[in-house]
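Below you will find one chain, with nothing else, as structure tokens; this is the form predicted alone, and questions on how it binds or moves follow later.
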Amino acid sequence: MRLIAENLAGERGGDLLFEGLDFTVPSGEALLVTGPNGAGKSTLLRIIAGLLAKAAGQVRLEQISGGFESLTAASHYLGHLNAMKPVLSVEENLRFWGSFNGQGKLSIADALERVGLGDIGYLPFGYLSTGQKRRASIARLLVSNRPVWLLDEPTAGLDKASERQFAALMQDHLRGGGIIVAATHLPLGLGNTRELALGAAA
């Protein structure tokens, strides 16, 4: 499996943020997207996820495994917002996402244990601290089995222990043949990575 972008361009509000991007990310590898604020890191991830239209070029997933019909269907997108309903419990939120995105290898209980929230799944999401909310959102990646993780500043709000915990989860995903594309200002604790540096903001 390979994620391939060719001559990719993205814009926001009619302003061109980047163009002519070419990259390939094979199974088991991560691509770190870096650059100043406004350079188009989030825009690139949203284009890959199918949430934004590209301005030019193409991006595709080749040799897709697991019965996924498209790159969009094979992708998990974790943005700045956690995409959880505050009034629903953590478990109820994860149950929804498991139903929406398809079931994964881990149960909700096991996913919460992996992110250190095994004791508070019954709480409304809105009651959680900033770091707990981010960890619950990371658990969303684990309850559905999708091979391409698109992560936008994924460690925002995490303490050092939680960063190490998440690094281990990402390494497990890569060892299992997954792909990660992460927009980040900080190292993620991954070994087998390449960097795509986007230019200054327009």
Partner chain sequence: MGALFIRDIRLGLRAGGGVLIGILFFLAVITVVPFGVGPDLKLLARIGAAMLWIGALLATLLGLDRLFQADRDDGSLDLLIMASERHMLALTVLIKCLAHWTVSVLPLVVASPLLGLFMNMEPAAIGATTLTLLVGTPAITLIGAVGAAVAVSLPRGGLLVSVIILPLTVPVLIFGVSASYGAVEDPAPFLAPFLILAAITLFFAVLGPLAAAAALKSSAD
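All values derive from a computational prediction rather than experimental measurement. Numbering follows the first chain given and starts at 1.
The same protein also exists as the form predicted in complex with the partner chain; that form is not shown, yet it is the one meant from here on.
The candidate stretches are 22-30, 170-178, 42-50, 55-63, and the one lying within 4.5 Å of the partner chain in the model of the complex by heavy atoms is 42-50. Taking the partner from elsewhere, E92 is found to have a heavy atom lying within 4.5 Å of the partner chain in the model of the complex.
Contact annotation: R134 falls outside 4.5 Å of the partner chain in the model of the complex, judged by heavy atom distances.
Within this chain, S70 lines the site of the partner chain in the model of the complex, having a heavy atom no more than 4.5 Å away. Though the partner is left out of this view, N101 does reach within 4.5 Å of the partner chain in the model of the complex, counting heavy atoms only. Taking a 4.5 Å heavy atom cutoff to the partner chain in the model of the complex, the contacting residues in 109-147 are R140, R146.
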